[in-house]
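As structure tokens, one chain now follows by itself in the form predicted alone.
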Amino acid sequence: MFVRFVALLALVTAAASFNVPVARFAVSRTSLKMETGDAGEANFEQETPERTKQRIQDMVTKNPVMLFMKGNKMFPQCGFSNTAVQILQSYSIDFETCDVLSDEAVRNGVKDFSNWPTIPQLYVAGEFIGGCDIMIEEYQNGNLAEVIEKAKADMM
């Protein structure tokens, strides 16, 4: 991540030295936002909690089945996230993931957003379902299947 930041900083500095306007640039995978001032200098700002909350809300609203996890559905980075992915894949449903390991603002923000302290976190049709243990319980008692079927119908 540091290497990406340094490369990005070098690119912006080079653009500024050649008087190339860089109007606005937001890094979605980090918690930094960069904008240029009137003189073309780069300003780095910490992403606000309100902006993070809005990004999370947008992901939850846009995606009928949204899983905030460590890693992604192709390469989960923890056992709990892997279990969550396997449960969702058992329903043969399209779902989106957000890798919280690559976005510290979302990693912390999603815990506040849901008032739930652990990751992974599942949202279906905009509703917070729970973490891995809740997913397992709901899978076993059949309730998750009902919620997923409703989300499938909404996707069509």
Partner chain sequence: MFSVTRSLRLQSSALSRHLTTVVNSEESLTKIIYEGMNQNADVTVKDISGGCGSMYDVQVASSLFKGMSKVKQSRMVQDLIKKEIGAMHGLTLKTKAL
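Computed from a prediction, not measured in an experiment: that's the story for all the values here. Residue numbers count along the first chain shown, from 1.
The next section is about a form of this same protein that is not shown, the form predicted together with its partner chain.
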| query | finding |
| --- | --- |
| Of V100, I87, I129, V60, the one that lies within 4.5 Å of its partner chain in the model of the complex (heavy atoms) | I129 |
| Contact at N115, T118 and D133 by its partner chain in the model of the complex, all three, heavy atom at most 4.5 Å | yes |
| Partner contact for E146 in the model of the complex: its partner chain, 4.5 angstroms, heavy atom | no |
| One stretch from 89-97, 107-115, 46-54, 61-69 that, in the model of the complex, holds residues within 4.5 Å of its partner chain by heavy atom | 107-115 |
